[in-house]
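Quick setup: one chain, the form predicted alone, written in structure tokens, and binding and motion questions come after.
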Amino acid sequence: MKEKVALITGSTRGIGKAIALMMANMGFKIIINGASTNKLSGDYKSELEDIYGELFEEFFLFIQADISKAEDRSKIVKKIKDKYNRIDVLVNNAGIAPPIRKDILEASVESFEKLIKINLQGPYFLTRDIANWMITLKDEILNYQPYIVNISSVSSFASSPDRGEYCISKAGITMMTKLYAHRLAEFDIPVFEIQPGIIKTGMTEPVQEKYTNLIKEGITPLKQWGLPKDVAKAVKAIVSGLMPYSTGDIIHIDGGFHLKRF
């Protein structure tokens, strides 16, 4: 693993950070990305030092970039090439919730466009750029096995009319996963989707009481909150090669929310 490189977008906190630390513990060199953060916190760096040791700064790269912008996506690829000259795993995790929840009968064009650009358009074209690089690396690196993992949400299939733009962006990720899994199969580049449910993160903090009550009432068969590390463990299973005859699959990390029940 020591030569392998993983890019996790939106990894300065929450699910993305849990995935980044999990992959660091696996021995990957990691690229941490965030749009609003211009430097990593001291605590984050301390965690990386605990994993990698004194030379920890050789094993990670932080890139402040907004994946919704073409020039920032190009910057990400260039910086990874300059430092490591390879990429083994892309985890498309970056995403935002609507700043204000509004009924779809009152929703704004501006909010819709912003979420689509960050949650769907950005990952779609970043994947295009990284996938083309992975195809090239197939001919350059012996026993090279790359992976692409998209983090979506149960909102890709569960309707929430007060945040329609979010649901549509995540539904788009599901089709994006199918498209890239289909297209990249000939190059043996598997593409997976992980659909988290109610996960305890900063995004769900404003509605924590609401979701806690819903969990108690049985909205999920497993009556407990999900944690960022639960999603990270699913990524670990994928990139460890434990599903060699799979691509385009959806992995539900949602306490059974997706089950149709009587």
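Everything quoted here is computed from the prediction, not taken from an experiment. From 1 onward, residues are counted along the sequence shown.
Omitted here: the form predicted in complex with a small molecule. The next part is about that form.
Contact check for I118: a non-hydrogen atom falls within 4.5 Å of the small molecule in the predicted bound form. Mapping the unseen interface onto this chain, I30 falls outside it, with no heavy atom inside 4.5 Å of the small molecule in the predicted bound form.
A residue is said to contact a partner when one of its heavy atoms sits within 4.5 Å of a partner heavy atom; V89 fails this definition for the small molecule in the predicted bound form, lying far away. Proximity of R13 to the small molecule in the predicted bound form falls within the 4.5 Å heavy atom cutoff. Only one of the listed residues (G218, G42, G53, G202) places a non-hydrogen atom within 4.5 angstroms of the small molecule in the predicted bound form, and that residue is G202. With the partner removed from view, the residue among L48, L61, A35, A232 that has a non-hydrogen atom within 4.5 Å of the small molecule in the predicted bound form turns out to be A35. With the small molecule left out of view, the stretch that reaches within 4.5 Å of it through heavy atoms in the predicted bound form is, among 22 to 30, 53 to 61, 232 to 240, 194 to 202, 194 to 202.
Every residue of the trio A65, N93 and I96 has some heavy atom no more than 4.5 Å from the small molecule in the predicted bound form.
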